[in-house]
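A single chain comes next, written as structure tokens; it is the form predicted on its own.
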Amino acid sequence: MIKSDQPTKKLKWRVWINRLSSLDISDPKLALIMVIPTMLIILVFAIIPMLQGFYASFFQIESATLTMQFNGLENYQWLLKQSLFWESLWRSFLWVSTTSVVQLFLGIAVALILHQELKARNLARGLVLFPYLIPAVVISLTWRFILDPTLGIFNRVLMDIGILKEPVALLTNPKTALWFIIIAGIWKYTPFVVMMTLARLQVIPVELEEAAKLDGANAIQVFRYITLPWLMPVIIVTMLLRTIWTFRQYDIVYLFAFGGPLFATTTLPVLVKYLAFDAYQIGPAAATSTIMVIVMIAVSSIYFKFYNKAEERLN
């Protein structure tokens, strides 16, 4: 009769677990061991591709054969002479600044409301987070259907109340396409600001607010001198993350109008795709990506300065 080796395998696993648990590992060493897998993933999928892109930006690359010929800064010089690059850069700043600022104010306002003692507060918090959980592909397709001039409900409602006399193709109009992408971005990512702000509101010392109210401070003064200074470090970190993520956002911008009409929704990430896969200009596409990294490093350094000042004022 053949005996199963499954109990033996279980015993071996238990022996290894007991050995690992008995090791005398200090907190820094244990933290390093836990971080190493994440560091390897970041190295392979983020840092190495970024360095390869930076390297490729100094070469003329044939898209068919991928042969490379060094041309120095010619890709950057060619790129800076293109009006499409500067227009895409302007759209990126418009997209990032508008969505981030509106998300900030709207997110703080919603977080302050959800922080109050309300009926069904937990349910409301869950519903607020719902747009953030929906994939960008689903959101893009849903909004495209809503704004469709033939079947969309948006045009139908405006026609029923008398604002429009006939349907308008909003996503094929260069003047309106980007603004509706901005509205969709605000709708999707405001819950992230709500979540971050609400988490910070939970740890504000209650005795500070109570002491201020006993001294005669009204709600606006309490928010200005107590709540806002406590929120400021988290607000800056949240804005830093939203700025970086929005600046490199590709999916929700591209899927709305595919960079059109007439490049009206082409931001820098969409421009990288266009140069590399449509215009077959891999070198300039890599140069555009490098410029994006440089811009984000500069912007991040400004955020870190404000964060240090906010922490000093709080302390």
Partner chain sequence: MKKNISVLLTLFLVFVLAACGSPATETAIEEPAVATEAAMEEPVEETGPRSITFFTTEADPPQLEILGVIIDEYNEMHPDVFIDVVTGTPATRGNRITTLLAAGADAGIFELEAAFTNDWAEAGFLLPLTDVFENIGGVDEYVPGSYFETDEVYGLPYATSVYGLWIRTDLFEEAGLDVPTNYAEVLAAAEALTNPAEGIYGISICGSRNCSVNLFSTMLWQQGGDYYTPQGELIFDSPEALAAVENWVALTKFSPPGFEGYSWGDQITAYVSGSAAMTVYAGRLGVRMPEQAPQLEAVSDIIQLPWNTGDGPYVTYGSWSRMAISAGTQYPETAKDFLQFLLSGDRLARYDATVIGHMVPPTKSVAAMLEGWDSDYANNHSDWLAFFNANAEFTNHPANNMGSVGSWGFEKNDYGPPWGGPIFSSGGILDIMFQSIYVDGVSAEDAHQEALGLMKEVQDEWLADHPDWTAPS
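Predicted, not measured: the structure shown is a model, and the values here were computed from it. Numbering follows the first chain given and starts at 1.
Only in words, not in the display: the form predicted in complex with the partner chain, which the text now covers.
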property: The partner chain contact at Thr246 in the predicted bound form, heavy atom, 4.5 Å; result: no
property: Partner contact for Leu228 in the predicted bound form: the partner chain, 4.5 angstroms, heavy atom; result: no
property: Thr172, heavy atom within 4.5 angstroms of the partner chain in the predicted bound form; result: yes
property: 4.5 Å heavy atom contact, Arg224 to the partner chain in the predicted bound form; result: no
property: Residues within 4.5 Å of the partner chain in the predicted bound form, restricted to 255-293 and counted by heavy atom; result: Phe258, Pro261, Leu262, Phe263, Tyr274, Phe277, Asp278, Ala279, Tyr280, Gln281
